[in-house]
Each structure stands twice: as C-alpha cells, then as structure tokens.
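Presented below, as structure tokens, is a lone chain in the form predicted alone.
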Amino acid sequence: MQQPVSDSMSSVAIQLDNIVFSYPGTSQPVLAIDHWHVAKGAHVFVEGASGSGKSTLLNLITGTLTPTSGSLSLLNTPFSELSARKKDKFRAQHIGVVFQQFNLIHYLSVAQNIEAAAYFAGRKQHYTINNAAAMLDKLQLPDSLLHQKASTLSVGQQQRIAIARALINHPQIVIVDEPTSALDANARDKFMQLLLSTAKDATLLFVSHDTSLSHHFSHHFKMENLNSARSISC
C-alpha cells in the first residue's frame, strides 16, 4: 500500500469515503471504495479493462454521476452534495478534462474552442488570444493554428488542443481519459511528455488500459484493487 504524502486533509485534492455506486435497476454495485485519498499535486495512473468501473469513477469525480451512497470531496469541497448547477460551476473552474475523443467543437476555430473553457468557468474577461497562444507554445504548436477550424487538424494536433482547452483555466485537478489509443508509440510518448510538463503543478488523474504508460507516474493503481480497497492514500 502506498503511504500518504501528508496526513493533513487540507492537502487532499480527491477524497472518496464509503463510496458505493449502482446503476438504477441493478443490485450489484459498479464501484465500492471505502477510502481513497489523492494528495494535491499527485500524479496518479489508474488502469483497468473495459467494464472495470474506470468511466464510472471519472463520472463521479466530474459530477456527471452522483454516488448511491458515501461522500466525495474535491479540494475540501463536499462535491457530491452540491446541486447540479454548482457542480457544473465547480467543474468548470477547478477541473480540466482531456477526453478520449477530445470532444472539440469541429466547426469552431481552435481559439474559440479554448475560449469556450474560459467562458464556462466564468473567466472570459481574463481570457485573451495571447493566453491561448502561450498555451499552444507550451504544447509546441504554432499560434497560426488558432484561426483554423478544429475539423482541419490532425489527430495529434486535436489532442494537444484538447490539453490546451483543459488547462487554460489553470485547474487544480486534471483528468485524462484514455487519450492515447489512436496514437503510435512515438506520438504517444511525445504526448505524455507534453502533458506531464504542462500539468506538472496540478493533481493529475490519468486513466488508461495501456500499462506501458504507468512508468510516467508516481502512483499506480489497478481498478479492480481500487474498487475493493479498504483504505488507500497517495
């Protein structure tokens, strides 16, 4: 069992206590986690096969699902107790998500896709095209892409724009869901280097079935072990 980085709850980014989740009409819970605490700034790799509960875990943490029982706190906020509207606001302001399919709005420009994240976080007044250009520079992309439609980008470019959109508000928690499945080995390794360097100050939860990526992370869990865990901190 991994040892906690700190015993202080003020240093915890993600805290699950007595979490159970069952889909309506089913008796067998998809998730049953007694205690799992992730420290602020930890970079965590979670692996699991299809059907192991990875997506359910992410949906609970992002607030698109609510636990059947138990409590989920994020950044010392009782997240699972918030209303849907407050969850949406909290997620937009504090959580960045890189989706498996990237979820860019293809008919919008790159700049508009990134600006949308600032808009939903209520930070549009702080967003400038220079902010977006600086983020692209960190991700080794030319700022000329800002005016291209997302539909014209290569898969690798779309992936990096998805990172830019997720990180533009400097979220404390970054969640990455199976983002490398469409990439070859060289592109995958480059993606990992860019992601980790750009999100180095955030709490990073990376979920994938590709165990070859786990060496990039200081903490590594198997979903089936996490799902039966009594108490784990990292």
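Throughout, rigid core stands for the largest set of C-alpha atoms superposing within 1.5 Å between the two forms. Remember, it's a predicted structure, so these values are computed and weren't measured experimentally. Numbers follow the displayed sequence, beginning with 1.
What follows is about the form predicted together with adenosine-5'-diphosphate (ADP), which we do not show.
Mapping the unseen interface onto this chain, Gly53 counts among the residues with a heavy atom inside 4.5 Å of adenosine-5'-diphosphate (ADP) in the predicted bound form.
Though the partner is left out of this view, Ala49 does reach within 4.5 Å of adenosine-5'-diphosphate (ADP) in the predicted bound form, counting heavy atoms only. Proximity of Ile168 to adenosine-5'-diphosphate (ADP) in the predicted bound form: non-hydrogen atoms within 4.5 Å are absent; the residue sits far from the partner. Shown alone here, Ile173 lies farther than 4.5 Å from adenosine-5'-diphosphate (ADP) in the predicted bound form, counting heavy atoms only. With the partner left out here, adenosine-5'-diphosphate (ADP) still marks one of 36-44, 23-31, 193-201, 66-74 in the predicted bound form; by a 4.5 Å heavy atom cut-off that stretch is 23-31.
The rigid-core alignment places the CA of Ser197 less than 2 Å apart between this form and the one not shown.
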